[in-house]
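First, one chain by itself in structure tokens, the form predicted alone.
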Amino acid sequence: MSLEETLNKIWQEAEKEFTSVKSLSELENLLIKYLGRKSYLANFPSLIKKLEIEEKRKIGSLYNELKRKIENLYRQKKEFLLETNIKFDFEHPGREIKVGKEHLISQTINKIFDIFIQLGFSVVDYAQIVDEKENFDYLNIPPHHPARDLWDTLWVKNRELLFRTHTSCFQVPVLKKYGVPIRAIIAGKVFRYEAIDKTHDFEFYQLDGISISENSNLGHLKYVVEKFFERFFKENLPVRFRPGYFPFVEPGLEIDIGCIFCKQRGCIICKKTGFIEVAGAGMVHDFVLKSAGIDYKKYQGYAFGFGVDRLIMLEHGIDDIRILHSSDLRFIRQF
């Protein structure tokens, strides 16, 4: 039986079982059966590793669709079972339900994820506390390298571990775990030991992306970056690429976008240049690929990274990064 036939059969069985389930406990057991850690679907990604790229995309799309359909079945059935078990007490008034909502940072990260998923990237996660190799050595920043001075590091446990200073530290571990080809992004907190002011904080959010294949190139990078900023800001902004230095890419690039405040006429925000620096990028250095055990003569790729907080400040005209991490309800309730 082919993988496609297997997925179709699983859906038929799941649809039948979820429709006939009678209790919440049975429903939870069904969810574990189909989507739990020991389920067939949980191990499915390992079954498609050796498929050709086109076949992998086709089967992977069917797999993701099946998971969504089963999750929808579960939610719908759970709502139905909860509604049928509600007991009303008409002798007492109901309690006010205070509904919370996502913070602006979470809203923005989800918005970014949606855009990159549409561009063909997968979302991954990685630890906030890492070791020195992951944060520096694997990324072509050996001991005593002057580039280490670019990061003000928060060390823990006698310098054996540290709070990650950039989300680029996910690159080699993710390449080792998932192999190539790969297109992945990560977003999360990073930490720097530095003074706090209107444009700096000791903790803030970054996003990193990486694409490794046999033919990934700067043309692909340019397309992805331009499409991202176009969809994020909902306007066709000019994007400018300049030479820049980052130890883990070669060549390295600085990325600027047209100033969204003055429309390239020149203002105090863009320092009269018409452009605002927003990201760094480049072709992944051979050293990084070798650190991950990737054949750098066969595979190549690009990487990019930018500050989530900075994008929020640009999008909403916020001039102080500290307000993003405060608990000021006057600010939070605006979004």
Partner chain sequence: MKFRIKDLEKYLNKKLDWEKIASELTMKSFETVYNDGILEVDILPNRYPDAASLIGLAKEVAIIKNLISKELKINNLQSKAKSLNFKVIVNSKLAPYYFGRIILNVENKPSPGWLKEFVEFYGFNSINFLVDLSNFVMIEYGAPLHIFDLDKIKGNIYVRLAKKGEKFISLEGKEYELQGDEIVIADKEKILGLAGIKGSKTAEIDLKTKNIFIEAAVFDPTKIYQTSRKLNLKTEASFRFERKVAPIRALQALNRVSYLINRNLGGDVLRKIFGEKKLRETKIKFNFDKVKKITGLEINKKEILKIFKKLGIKIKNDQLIVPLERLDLQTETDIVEEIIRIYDLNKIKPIYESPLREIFIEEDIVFNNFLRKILTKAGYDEGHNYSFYGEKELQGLYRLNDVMRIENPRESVVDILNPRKSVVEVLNPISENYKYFQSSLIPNLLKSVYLNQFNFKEIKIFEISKVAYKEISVNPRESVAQYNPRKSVLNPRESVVEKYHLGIVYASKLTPEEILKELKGVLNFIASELCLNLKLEEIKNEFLTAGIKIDNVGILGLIKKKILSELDIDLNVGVIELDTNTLKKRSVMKKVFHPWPIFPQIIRDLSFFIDEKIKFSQLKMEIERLKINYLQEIKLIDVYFPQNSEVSNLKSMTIRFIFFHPQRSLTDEDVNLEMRKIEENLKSRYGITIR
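The model shown is predicted, which means the values in this text are computed figures rather than measured ones. Positions refer to the first chain, counted from 1.
Quick note: we don't show the form predicted together with the partner chain, though the next part is all about it.
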{"item": "The partner chain in the predicted bound form: contacted by all of L3, L47 and D208, heavy atom 4.5 Å", "value": "no"}
{"item": "The partner chain contact at N158 in the predicted bound form, heavy atom, 4.5 Å", "value": "yes"}
{"item": "In the predicted bound form, S291 touching the partner chain (heavy atom, 4.5 Å)", "value": "no"}
{"item": "In the predicted bound form, E230 touching the partner chain (heavy atom, 4.5 Å)", "value": "no"}
{"item": "Interface membership of E277, the partner chain in the predicted bound form, 4.5 Å heavy atom rule", "value": "yes"}
{"item": "The unique member of E65, E28, D286, E55 whose heavy atoms fall within 4.5 Å of the partner chain in the predicted bound form", "value": "D286"}
{"item": "Heavy atom within 4.5 Å of the partner chain in the predicted bound form - the one residue of I115, C262, V123, L81 that qualifies", "value": "V123"}
{"item": "Contact set, 168-191 vs the partner chain in the predicted bound form - heavy atom within 4.5 angstroms", "value": "K177, Y178, G179, P181, I182, R183, K189, F191"}
